[in-house]
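To begin, one chain is listed below as structure tokens, in the form predicted alone.
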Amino acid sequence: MKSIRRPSLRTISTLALVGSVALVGLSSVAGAGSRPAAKKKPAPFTVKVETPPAASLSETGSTLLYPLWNLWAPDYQSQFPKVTLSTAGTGSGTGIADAASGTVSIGSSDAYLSPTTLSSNPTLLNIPLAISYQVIMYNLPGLTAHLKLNGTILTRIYLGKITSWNDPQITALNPGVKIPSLPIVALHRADGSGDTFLFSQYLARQDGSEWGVGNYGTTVTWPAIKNQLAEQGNGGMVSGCAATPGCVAYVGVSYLTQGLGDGLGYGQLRNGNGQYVMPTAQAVALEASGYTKITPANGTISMINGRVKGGYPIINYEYAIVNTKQSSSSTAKAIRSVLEWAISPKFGNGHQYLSQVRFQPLPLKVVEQSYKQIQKIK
């Protein structure tokens, strides 16, 4: 019988090592084929609306935002009856000044705060609340077409260089449209106005060579021309234009329904791409999409004459102007609650409110930025 040869200790060690390597290799292959654990997506941002203490608050400013405040205020107070909230449409200039002086709890403005205002009032915030836009309206009886207009034409009207609606510069833009030979009456705001800020900025950006590149603000020095009228508030612009055949007026969109009811027409405007665009919800949303990613944390951005294809060129954030330093913690909490409610897609930024004044909701990124600003109010 043959004897069985036993492996040496060296051979056993070598086999053990090879086996270990083989096992490691197999586990590596198995690991390579398995999927890594999926990362959980962060929950979408939601606005937390604080339950406020008893407080008496006041808001004043933008006449463009005023109709929306009149929708917001009663519904907010119905939900939080310990808070009273008075509203007033006095113009954006007054809203900014009264918020800066502490005369009111919340100032409303269609215009963002200038660098000068921010540097001299470092505790002021301008908080985006919604997206709005401006329309150019006119009183031309019998005309149903939406006239094409641009910054150059409007600049020359407000400078008194174009004085009749059938001027060749206007008819050339609108071939085939029978435009009456009425004299043009240019309406502008007499009060400090965010709408003036938006309109004059559009003129400056479209035709700075004639209007002046830096000639814009809530108040501007209007050239003295033969046919012009100064009006108070958006309501005054609409009623003044309705009473004046041949007028042209810049009007916040929340007054468009009133203007149409008074028989006024409105035009297409040239955007930064050279396209003539109607002021529709879709065109405004397109334009706004081009600014969402570049909106800074403090909300200060011009949204005029952008280059988005199909975008409407005069849009803006509607702002709450608020001082971070309040007289008491209870007042601060109530103000925070009101503004949180206003920017919440579930409440104030919902379709049920914004559609009534033709506004657009804030993009979620901007909602989150506004919320962070609101938390600074103490």
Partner chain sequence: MAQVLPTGLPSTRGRRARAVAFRVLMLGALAFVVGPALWLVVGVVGRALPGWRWNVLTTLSQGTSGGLANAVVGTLVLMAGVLILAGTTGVLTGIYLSEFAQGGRGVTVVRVAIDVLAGFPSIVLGYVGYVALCVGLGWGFSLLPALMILSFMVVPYIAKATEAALHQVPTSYREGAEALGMPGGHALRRVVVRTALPGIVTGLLIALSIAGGETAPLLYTAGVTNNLPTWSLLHHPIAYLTYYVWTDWNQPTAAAHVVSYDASLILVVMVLAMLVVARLIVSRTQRHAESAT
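Numbering follows the first chain given and starts at 1. Here the rigid core means the biggest group of C-alpha atoms that line up within 1.5 Å when the two forms are laid on top of each other. Predicted model only: the values in this text are computed from it and were never measured.
There is also a form predicted together with the partner chain; it is not shown, and the following applies to it.
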With the partner omitted here, the residue among Tyr158, Tyr250, Tyr255, Trp211 that in the predicted bound form has a heavy atom within 4.5 Å of the partner chain is Tyr255
Pick from Gln352, Thr46, Ser327, Asn70: which has a non-hydrogen atom within 4.5 Å of the partner chain in the predicted bound form? Asn70
Quick one: is Thr103 in contact with the partner chain in the predicted bound form, heavy atoms, 4.5 Å cut-off? yes
Evaluate Gly236 for contact with the partner chain in the predicted bound form, applying a 4.5 angstroms cut-off between non-hydrogen atoms, and reply yes or no. yes
Considering only heavy atoms, tell me if Thr152 and the partner chain come within 4.5 Å of each other in the predicted bound form. no
Hey, in the predicted bound form, does Ala88 get a heavy atom within 4.5 angstroms of the partner chain? yes
Among Pro122, Tyr291 and Asn298, does every residue place a heavy atom within 4.5 Å of the partner chain in the predicted bound form? no
Option from 228-236, 167-175, 139-147, 283-291 whose residues, in the predicted bound form, bring a heavy atom within 4.5 Å of the partner chain: 228-236
Which residues in 59-82 have a heavy atom within 4.5 Å of the partner chain in the predicted bound form? Thr63, Tyr66, Pro67, Asn70, Pro74
Given a superposition on the rigid core, I'd like a yes or no on whether Ile162 shifts its C-alpha by 2 Å or more between the shown form and the other one. no
Examine Asn349 after superposing the rigid core and state whether its CA is displaced by 2 Å or more between the shown form and the other one. no
Superposing on the rigid core, do we see a C-alpha displacement of 2 Å or more at Ile106 between the shown form and the other one? yes
